[in-house]
Every structure is written in structure tokens, then in C-alpha cells.
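One chain is shown next in C-alpha cells, namely the form predicted alone.
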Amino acid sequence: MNLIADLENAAERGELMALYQPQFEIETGRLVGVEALARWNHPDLGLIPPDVFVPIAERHGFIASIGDFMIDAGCRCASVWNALGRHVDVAVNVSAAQLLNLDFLDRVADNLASNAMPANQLIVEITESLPVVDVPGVTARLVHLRQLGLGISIDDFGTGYSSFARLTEVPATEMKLDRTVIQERGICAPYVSDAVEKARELGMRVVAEGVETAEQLARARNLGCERAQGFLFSPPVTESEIGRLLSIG
């Protein structure tokens, strides 16, 4: 109950922070994108991981303010990196509740405009296993985002129950294979290969998450992934560290 009360205005109190998981192009090794990840720096408890506070935020109606904070942070950082002459895609996780918020589309459009950020540099990630109550409503919002030029990524692919259906019903431009698919050798191999092939047929980019070893990177490459992220390359880092990696890349 204390966490619920403390989380309600955490963004306004400056307790939220964004870290960035670098994403690399497999064939060239270039840093081409980041995934923005929310962290809560609680004044008494220290860093609280997202798998603890995000479900609380979704259940109690706080996810919109957290999502707004992450959109703001991601667009601002992209503007800074653009000034360095490096175009880096920024992926931000978005919940179904955010998509159905009437102000969400305006918030995204305003951020792109105020940061002079190309729309195709921002990628909205929706989890493949997320139960969506208002599928038509969410899909309509995603179509609108695509019309603005944003990328749409199906995150955590391979963890849900309707993967193939989700590939065709969502106007996605990218599919991210869940870390369990990459890390557990042989898991659902034919199914995953078929899904990757279907995604490629639909013109989607395929990204591997959770790559921690050279063997897992080889698996990602063999599956047909174009990009990869994970501890083999880098843990989530601060904005300034991404700037340093870009300056030497």
C-alpha cells in the first residue's frame, strides 16, 4: 500500500529515471537504436525494478504519467543525439491503457514537433502477451501512429498465445523475439522460424532481445534477426553513456 501511494506522483517528484538499452545492427556492429527503460529511484528503498512498479501503475491508473515521462525523455535524448549527427531509433514501451488515453496521440505529436524529431525515429513497443480488451480501439490508435510515421514493435514475441494472429492484426513494423526464445536453445524452433519468416514477408524488421553470449548471437543471426540487444553488447546505461558510445562508434 505504501508503494501505491508513493508511486502516484513519483514522476512529478523527479524520482523516475530512464536508462537506455543499446541495440546493435548484427552485420555491422553499429549502434542503431535504444530501448528506453523506466526505473524508479525510491527515496527510501532505492532503485525499484519495473517488474515491481509497472504492474502497480497499470492496476491503479498511474501508467499514463509514467508513459508520458518516458516519451518525453526518449524524444529529448534523441534530439541530443541527433545534434551529434547520429540518428538513433528510440523505442518506448506503451501499454494498452496509454493507447486508449485520448491525450496520448497529441502528446506524441507535440514531443516530435518540439524536439524536431523525425517520426520514424520513435518506435512504440507493445507487448505480444498483453491482453487487450479493446482490440479495435488499440489497433485504430496504432494505425494512427503509423500514419504519423512512427514504428510499431511487437515486444516479447514468443511469450503469448496468439502470436501469428497478432502479427497480422497489428500494423507492426518490427518484431522483437523474447529473450527466452534466444537463450533457451531449441525452444519452439520450428514455430519461431515460421514466425520470423512470416514477419519478414510482412516487411517487419526482426530484433533479438536478451543476447548474452556469442552462441546466442549466432542463433539470432541464423534466425534472420537484423538487430540485437543484451548484455553481450551492453547493459542499460544512462543518456550520457549512450552519447559516449555514439561519439566513438
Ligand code: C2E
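Because the structure is a prediction, the values reported are computed rather than measured. Residue indices: 1-based, along the sequence shown.
The form predicted together with the ligand exists for this protein as well; it is not shown, and the discussion that follows is about that form.
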**Fill in**
Residue within 4.5 Å of the ligand in the predicted bound form by heavy atom, from V32, M70, L217, L223, is M70
**Asked** Considering the ligand in the predicted bound form, which of T159, N82, N101, S95 comes within 4.5 Å of it through any heavy atom?
**Response** S95
**Message:** Considering non-hydrogen atoms and a 4.5 Å limit, does the ligand approach V196 in the predicted bound form?
**Reply:** no
**Close approach of M204 to the ligand in the predicted bound form, 4.5 Å, heavy atom** = no
**Message:** Residue-level question: is P50 within 4.5 Å of the ligand in the predicted bound form, judged on heavy atoms?
**Reply:** yes
**Message:** in the predicted bound form, does R39 come within 4.5 Å of the ligand, counting heavy atoms only?
**Reply:** yes
**Item:** Residues within stretch 6-26 having a non-hydrogen atom within 4.5 Å of the ligand in the predicted bound form
**Value:** Q21
